[in-house]
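In structure tokens, one chain follows: the form predicted alone.
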Amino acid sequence: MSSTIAVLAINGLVFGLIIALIALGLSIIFGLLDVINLAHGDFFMVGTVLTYVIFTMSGLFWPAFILVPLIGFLLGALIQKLVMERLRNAAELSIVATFGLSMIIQEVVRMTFGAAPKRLVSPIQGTFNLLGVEYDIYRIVAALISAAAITFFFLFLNKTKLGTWMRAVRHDRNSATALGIPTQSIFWITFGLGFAMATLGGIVAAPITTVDFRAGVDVLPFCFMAVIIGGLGNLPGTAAAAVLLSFLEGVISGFTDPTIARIFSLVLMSAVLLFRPQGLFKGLAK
């Protein structure tokens, strides 16, 4: 029993790191553009589908890490230019626009890729003994890749000129514009980066989940819970909340069932909204 709970907890950490990667994309789009992106889960789904297509056509998995985020970035920048910019990134209009975008993406994928869920062969075969249970090596690799991508993201934001511009626009876009920062370009880059991060999560998750045109439906609520519990616009808080939530759900699932664990997360999110609306991790640097 104890080994089973330990495996579920580690599974929770693995998925928590993947969700953190996806949720950071959602959080940066909201924090900088004020866009409530209901299509973000579908960006993740696009990542899994493109990875499946690349693997099926070439027999190779790892090139997806270059091609898929690049495609995601270009699509995100295009959506910002053609849709969000015309709505002036208004939060209330973005809900309607991204809901419609979500429906369009799902229908396009369903018509071209098919409605039947598919499985992608793991690029790393094998298991190792974890507390008496055989554990998939690829899941550990997936966690390490996600952790590395999250670290790179924060280094990019804090150590590069472009990241400094993005933080400046997020803090005060009018002052940033007055200082000569190309605000509109930063908007395109931000939406493209958010899309790319979601597709990167899709690549990592593709071999351990089903590839399905509705795959984003389950991911989106978890990302929003992480953003709310971590604190709106608080990027380190979002990452910490995603890992914490997934870990707790993994442990609780060992004692009850996944439905009870998800209810616990919803109760926790409600409590945070009522008693600590600034988020559980306000103290983390933004």
Partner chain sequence: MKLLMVNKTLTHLLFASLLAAPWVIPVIGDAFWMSILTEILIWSCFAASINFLFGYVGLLSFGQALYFGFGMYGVALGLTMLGLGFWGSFLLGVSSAGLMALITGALAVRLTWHYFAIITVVFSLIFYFIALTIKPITGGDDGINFAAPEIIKLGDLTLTISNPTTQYFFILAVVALLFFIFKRLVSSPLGKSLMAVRDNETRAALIGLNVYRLKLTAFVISGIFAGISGALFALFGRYASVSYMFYHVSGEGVVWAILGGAGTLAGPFIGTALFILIREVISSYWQHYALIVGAVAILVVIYAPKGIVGMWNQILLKKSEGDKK
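Positions refer to the first chain, counted from 1. The structure presented is a predicted model; accordingly, all values stated were derived computationally and were not measured.
The protein also exists as the form predicted together with its partner chain; that form is not presented, and the subsequent description refers to it.
Considering its partner chain in the model of the complex, the lone stretch of 157 to 165, 119 to 127, 106 to 114, 197 to 205 in range is 106 to 114 [heavy atom distance within 4.5 Å].
Among residues of the shown chain, Pro221 is one whose heavy atoms approach its partner chain to within 4.5 Å in the model of the complex. Put simply, Met269 is close to its partner chain in the model of the complex: some heavy atom of it is within 4.5 Å. When contacts are judged by a 4.5 Å heavy atom cut-off, Thr259 counts as touching its partner chain in the model of the complex. Of the heavy atoms in Ile95, some are within 4.5 Å of its partner chain in the model of the complex. A heavy atom within 4.5 Å of its partner chain in the model of the complex is found for exactly one of Ile228, Val251, Val53, Leu67: Ile228. In summary, among the residues Ala91, Ala178, Leu74, Leu144, the only one with a non-hydrogen atom within 4.5 Å of its partner chain in the model of the complex is Ala91. In the model of the complex, the residues of 67 to 84 lying within 4.5 Å of its partner chain by at least one heavy atom are, in order, Leu82, Val83.
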